[in-house]
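In structure tokens, the next block holds one chain alone, the form predicted on its own.
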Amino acid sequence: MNVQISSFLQDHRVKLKELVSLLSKEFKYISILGCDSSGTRYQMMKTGSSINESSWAERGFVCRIYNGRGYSEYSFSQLKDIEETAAAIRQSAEEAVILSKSLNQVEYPLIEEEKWSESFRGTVKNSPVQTGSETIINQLKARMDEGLKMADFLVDLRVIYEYVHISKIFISSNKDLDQSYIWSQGYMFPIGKNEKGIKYTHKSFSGMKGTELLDEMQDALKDAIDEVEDLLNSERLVPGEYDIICNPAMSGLIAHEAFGHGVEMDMFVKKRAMAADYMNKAVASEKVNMHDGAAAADQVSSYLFDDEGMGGANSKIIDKGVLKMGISDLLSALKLGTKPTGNGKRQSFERKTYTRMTNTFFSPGTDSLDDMISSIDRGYLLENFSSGMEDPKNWGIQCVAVKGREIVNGKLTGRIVSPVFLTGFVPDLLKSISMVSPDLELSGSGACGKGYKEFVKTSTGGPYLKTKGKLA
């Protein structure tokens, strides 16, 4: 079924156009982004259940104008009187100009827009609203009860489902856009205990889907519980450099941390990204191709237009090992004299736009996983991740895998090590990639922050990759 756009935004559409028309007589550029997102988070655990409003919910507007020196923004949650709101926007612009002059800030050129009018409606199989809270909670409880019966070592099994219905509208002198879609995410957190202690893991699920996502969670229940058993019996890794294979989840983490953050071009403007010095240079092996873009995949960060009214793209960041381009919001592109790539995103209508990743992933190759394993004398198959971080200025990387499966003489030995820390210099890691599988999996659970704040939805993924890495 098609996802309908918010009636709140539709009811304000005429007034928004009147406000743009009024202010366009005074300012050379004006745009308004309207946001109305709603959703619910459901959680079930042994001690009870909870139902809460999603933290991604928001409702309001942000107006951007060209003030003659740069761009100022004014956010508001209600539009009752157009003249009153216009007066507040004028005052905000005047204050921004005074501040800009006092700080001697650099000036920006005027945004040039082409005419564009388009709507996008996502589709889901099962509407979360129509499914209803009682049915969703009962399904989560059924997953929990079934899982707890599978293993005596389990002390709890937390099951979470969350959906968000996003509606956005973008109005300017030349653009009239709207979009509406639903994304869902789910988690299973099995917690186990034995004589060595307590261990837990998580399995996550996501997509541009409704409650049909609950069926996928059912299919992965046994895998999640088996992983806890692996962790309870795991050993510590002997630090060193090894041949490694990264599963699609770990490949996605490397794509996100290694290049996603490193090629966000607002960091180029601030001269805080080493990637700016590597344009059109080899940064990976010839087997490596990498993409980012709202139009590059169908996951939680897919959309028609970004929060600056720019169309979603499919940007090929790395082509056969060569860094070809970065990703950019509109204002950074204006500053750098480059083309924006539809990566301008806000945490909410009350927060600033930054260059942010969308769907970031390695492209698939042709090597089989069996051939990768058989090619390794001593190494590890790294599976899933718990965290990661990158330093764009110096291109260092740290990724934490939930576990590693030991490989000796081309075979998995059954020995599990956990946790596994992968560190190194990004180009060294990517240049050592020697095999790439045909598999391609993306996941969009969780959130991406910028400097430990400004959280947005992104997805990451890729195939199995064979490379060399420093593990601890």
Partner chain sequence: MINTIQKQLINAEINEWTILEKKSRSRELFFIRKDLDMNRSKDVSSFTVTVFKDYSEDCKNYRGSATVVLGNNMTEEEISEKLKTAIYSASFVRNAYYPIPSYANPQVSENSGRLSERDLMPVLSEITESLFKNDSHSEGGINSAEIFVNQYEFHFVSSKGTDVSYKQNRGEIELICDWNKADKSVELYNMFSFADYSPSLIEDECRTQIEQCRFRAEAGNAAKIESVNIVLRDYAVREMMDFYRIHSNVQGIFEGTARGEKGKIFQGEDVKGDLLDIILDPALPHSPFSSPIDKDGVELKKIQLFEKGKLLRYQGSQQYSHYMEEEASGLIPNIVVESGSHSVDDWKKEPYVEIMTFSDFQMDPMTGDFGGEIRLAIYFDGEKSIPISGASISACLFDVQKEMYLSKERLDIENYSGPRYLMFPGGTISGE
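Residue numbers count along the first chain shown, from 1. Given the structure is predicted, the values throughout are model-derived calculations rather than measurements.
The next section is about a form of this same protein that is not shown, the form predicted in complex with the partner chain.
This chain lacks the partner; the member of T366, Q91, T123, N280 within 4.5 angstroms of the partner chain in the model of the complex by a non-hydrogen atom is Q91. K199 is the sole member of K287, H291, R143, K199 with a non-hydrogen atom lying within 4.5 angstroms of the partner chain in the model of the complex. Although the partner is absent here, F349 lies within 4.5 Å of the partner chain in the model of the complex, judged by heavy atoms. Contact check for G446: every heavy atom lies farther than 4.5 Å from the partner chain in the model of the complex.
At the 4.5 Å threshold, heavy atoms of K149 stay clear of the partner chain in the model of the complex, well away from it.
The partner chain is not shown here, but in the model of the complex it comes within 4.5 Å of a heavy atom of I51. Here the chain stands alone, but in the model of the complex its contact with the partner chain, taken as any heavy atom within 4.5 Å, falls in 75 to 83 among 248 to 256, 75 to 83, 204 to 212, 369 to 377.
For the three marked residues, L331, G388 and E454, a heavy atom of each sits within 4.5 Å of the partner chain in the model of the complex. Of the residues in 100 to 138, those that come within 4.5 Å of the partner chain in the model of the complex through at least one heavy atom are, in sequence order, L103, N104, Q105, V106, Y108, S133, E134, I137.
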